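Okay, here we've got a single chain as structure tokens, the form predicted alone, with questions on binding and movement later.
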């Protein structure tokens, strides 16, 4: 009798262990596709996503990034790899708002839940491809205008400014340039030049150095992200100039001291560490039978100045 009870208990234990193993195996897998991990903003985002995975403990995270801000082919390859791996969801911040629509459509056709966050996919291309996909992210145009307005208030009418733009193919780059232009119009600033530096620090250093040589009377710079703003600050330091005001976007840790000591005037926090985690939560809800996301799910932004 004792043996039978022991055998029954052992069998029950084996069943429980098997069920636990099966449950572990059935954790949904989320593929996170970010932009350049050389950018502190996306380094912070990756840290936040890993912490989120550990905190929830009910899904597996597979995260990839790009080598640099123009390496969007690696994002396309990542989508293909995630389709082959049979992940349950792909959460993506596209480097190119147009080029990423077709591969993501292929993922959706394979039954994978796709959440577009941070950078919106191009609406016209989505319509052409017959793709309906919500966007989870901030108001990039409104955020850029917040930073641009601080500069406009300082310089006033006819203040001479330049814009350092992000990737021309990325919607957030386009929207931030438009936001800065809104500030230029409202404060009647004199926009001397607007050029891209593809989100990169060293390229922004070179681009702005050339601008400064051509236009030594520049009074203000609107950089579409903080990585480029840092490149501008380095160029100003090399030129021995401390009379030009700089605003950025992202609120990465590296610009905190620059805002405190006046090398930068303002930036905009879009809470990058939370953004991917929130998008993953939304993707998992859909994976587990929740309603599909629709429209624009706005995420918060906040102006950051020395005060």
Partner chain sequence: MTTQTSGDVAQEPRRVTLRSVLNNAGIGLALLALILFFAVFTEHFLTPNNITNILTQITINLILAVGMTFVILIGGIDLSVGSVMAFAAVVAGKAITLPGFGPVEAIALAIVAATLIGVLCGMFNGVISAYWSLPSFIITLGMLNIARGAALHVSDAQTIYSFPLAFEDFGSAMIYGVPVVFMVAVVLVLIAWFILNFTVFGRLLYGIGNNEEAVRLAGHSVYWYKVAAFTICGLTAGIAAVVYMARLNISSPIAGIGFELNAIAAVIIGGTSLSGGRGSVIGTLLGAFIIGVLANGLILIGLSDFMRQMITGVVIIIAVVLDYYRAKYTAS
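The term rigid core refers to the maximal set of C-alpha atoms that superpose within 1.5 Å between the two forms. What you see is a predicted model; the values in this text were computed from it and never measured. Residue numbers count along the first chain shown, from 1.
As for the form predicted in complex with the partner chain, it is not shown, yet the points below apply to it.
Exercise. Can we say 28, 108 and 126 each have a non-hydrogen atom within 4.5 Å of the partner chain in the predicted complex?
Worked result: Answer is no for this spot.
Problem set entry | Partner-facing stretch of 243-251, 264-272, 53-61, 36-44, counted where any non-hydrogen atom is within 4.5 angstroms of the partner chain in the predicted complex | Heavy-atom contact with the partner occurs in 36-44.
Exercise. Is there a heavy atom of residue 96 lying 4.5 Å or less from a heavy atom of the partner chain in the predicted complex?
Worked result: No, residue 96 stays farther than 4.5 Å from the partner chain in the predicted complex.
Exercise. Given that the partner is absent here, does residue 81 sit within 4.5 Å of the partner chain in the predicted complex, heavy atoms only?
Worked result: Although the partner chain is absent here, residue 81 would stay clear of it in the predicted complex, with no heavy atoms inside 4.5 Å.
For this session: Look up in the predicted complex whether residue 77 has a non-hydrogen atom within 4.5 angstroms of the partner chain, and give yes or no.
Result: Flag for residue 77 set to no.
Exercise. Taking the shortest heavy atom distance, is residue 200 within 4.5 Å of the partner chain in the predicted complex?
Worked result: So residue 200 counts as contacting the partner chain.
For this session: Note which of 160, 185, 154, 195 lies within 4.5 Å of the partner chain in the predicted complex, where distance is taken over heavy atoms; exactly one does.
Result: Flagged contact: 195.
For this session: Find the only residue in 211, 112, 101, 133 having a heavy atom within 4.5 Å of the partner chain in the predicted complex.
Result: Of 211, 112, 101, 133, the residue with a heavy atom within 4.5 Å of the partner chain in the predicted complex is 211.
Problem set entry | Contacts with the partner chain in the predicted complex - residues in 228-261 whose heavy atoms fall within 4.5 Å | The stretch touches the partner through 230, 234, 237, 252, 253, 254, 257.
Exercise. For residue 200, is the CA shift between this form and the one not shown at least 2 Å following rigid-core superposition?
Worked result: The answer is yes; the displacement is at least 2 Å.
Problem set entry | Core superposition between this form and the one not shown, C-alpha change of residue 259 at least 2 Å | The answer is yes, as the C-alpha of residue 259 shifts between this form and the one not shown by 2 Å or more after core alignment.
Exercise. For residue 237, is the CA shift between this form and the one not shown at least 2 Å following rigid-core superposition?
Worked result: It does shift by 2 Å or more.
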